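First, one chain by itself in structure tokens, the form predicted alone.
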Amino acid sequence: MNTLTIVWITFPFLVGFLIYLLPKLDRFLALGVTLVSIAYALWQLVEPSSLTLSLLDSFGVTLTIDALSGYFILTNALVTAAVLLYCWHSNKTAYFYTQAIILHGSVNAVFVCADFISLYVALEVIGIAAFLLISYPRTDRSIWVALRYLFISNTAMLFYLVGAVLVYQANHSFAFTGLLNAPTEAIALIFLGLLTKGGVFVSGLWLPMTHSESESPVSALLSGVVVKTGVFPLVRCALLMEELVPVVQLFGVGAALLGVTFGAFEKDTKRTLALSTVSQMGWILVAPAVGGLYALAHGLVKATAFLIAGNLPSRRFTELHQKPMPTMLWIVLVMASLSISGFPLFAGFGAKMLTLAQLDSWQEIAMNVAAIGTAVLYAKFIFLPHERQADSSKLQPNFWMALFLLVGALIVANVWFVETYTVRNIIKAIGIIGAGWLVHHLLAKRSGFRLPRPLEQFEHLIGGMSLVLILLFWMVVWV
């Protein structure tokens, strides 16, 4: 088991090197890596067991693989496989597939890390690979967005690294469990770095522009799995140290409400999806015990939605109401939208019900409001016009294969949510969605209001991070 796990971790990086040597096999090699990851993740979920590996004692790597890791790894594997299928007949080069697989392997590494120094290395590799994928079109706009992402990412990781050094100074170990014995400043610095990488709350407002301006397959990777590399360590720390749960949950509630507030008034499809990601990261944080299940449901939906958004006639909702999309494309978009809104028959329903069941009363009230906001946001997609005669000739078979994989997984994943299918939960879910649709038709649809974006501007992002750092410091002291 130990040897198998180490081989599995190193496998994507070896294949990434081979892709350059065998460029004609780039797609097949890359897809093979994701199939191996799917098999490994399912093995962890079907035969749940916890494995801890310590390499080079406290100076080196500590790995923990359990069911939580399994859900996140499965999300990464399915989303990456769908993106590869989507790009199958495109003109993407071996360079693109190499970076995609290196990104895949680095994301997997984060999901098994249990120490701050190896986590730092994995997050830095992710930042570089994501930068190269964002800038892949080589346009002025893509290069600027990629450089903006890299600058924010590196700044966040600088804060994180200082915190990790303080943890080691206090414990002579980089293990996650040393966080409680570390100075208050260490917790605040590490959490700031992870919240920023995960696109959570105000420190994550770099996310809407980055995800919306990237190519659709890259947006699917970023929103489906990459931002979860910042959220996963927070979930792991909350499960290991109960004292940190209130801090994590408070940021989860804040992110859930912030994302839907901005997203409900957004007029651009990809920015709406990106702002939804900010909100959905909050859902993962607010109930760490079921965070893996929610991450799986969200990743599948968000990848589906971004891949579809790249094939719509326009990014503007006003124009989409004048240009009907093909009915088959609309059906898949509706299925994804219903899932993330919490409709029964899809994984999103069970994930939302399990999450709400974990919360205190005040948290449940706030998250029910966020759930209604999510329904408002995705009602904008559900009520778009469609027609059978719309031109769908540009949609290749590999595109439908990618969507079938993602939506099929959303339905099959219900096996993990069987206990949530009670009459009370079904009525509650339908009521939340109905309330969201009503708000959409009465207010959001008719409103021309748009929330200002000063906090998203490049010159204000670092200032926002500094304010969050101060807030974190006082929260940790209070807890």
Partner chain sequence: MKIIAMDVMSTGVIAYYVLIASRDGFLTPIVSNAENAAYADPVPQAVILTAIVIGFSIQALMLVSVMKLARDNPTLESSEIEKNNTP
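Quantities reported herein were computed from a predicted structural model and do not represent experimental measurements. Numbering follows the first chain given and starts at 1.
The discussion below concerns the form predicted in complex with the partner chain, not included here.
**Q** Could you tell me if all three of Met328, Phe346 and Leu354 have a heavy atom no more than 4.5 Å from the partner chain in the predicted complex?
**A** Contact check failed for every one of Met328, Phe346 and Leu354.
**Q** Counting any heavy atom within 4.5 Å as contact, can you tell me which stretch out of 377 to 385, 79 to 87, 127 to 135, 356 to 364 lines the partner chain in the predicted complex?
**A** It is the stretch 127 to 135.
**Q** Counting only non-hydrogen atoms and a 4.5 angstroms cut-off, does His172 reach the partner chain in the predicted complex?
**A** Yes, contact at 4.5 Å.
**Q** Against the partner chain in the predicted complex, would Ala164 count as a contact residue? Criterion: heavy atoms within 4.5 Å.
**A** Close contact exists here: in the predicted complex, Ala164 approaches the partner chain to within 4.5 Å, heavy atoms only.
**Q** Hey, in the predicted complex, does Arg453 get a heavy atom within 4.5 angstroms of the partner chain?
**A** Arg453 belongs to the contact set for the partner chain.
**Q** Mark Tyr120 yes when one of its heavy atoms lies within 4.5 Å of a heavy atom of the partner chain in the predicted complex, and no otherwise.
**A** Tyr120: yes, in contact with the partner chain in the predicted complex.
**Q** I need to confirm a contact call. Of Thr93, Gln396, Thr155, Asn181, which residue comes within 4.5 Å of the partner chain in the predicted complex, counting heavy atoms only?
**A** Exactly one listed residue reaches within 4.5 Å, namely Thr155.
**Q** The partner chain isn't shown here, but in the predicted complex which of Phe159, Phe176, Phe317, Phe265 has a heavy atom within 4.5 Å of it?
**A** Filtering the options by heavy-atom distance leaves Phe159.
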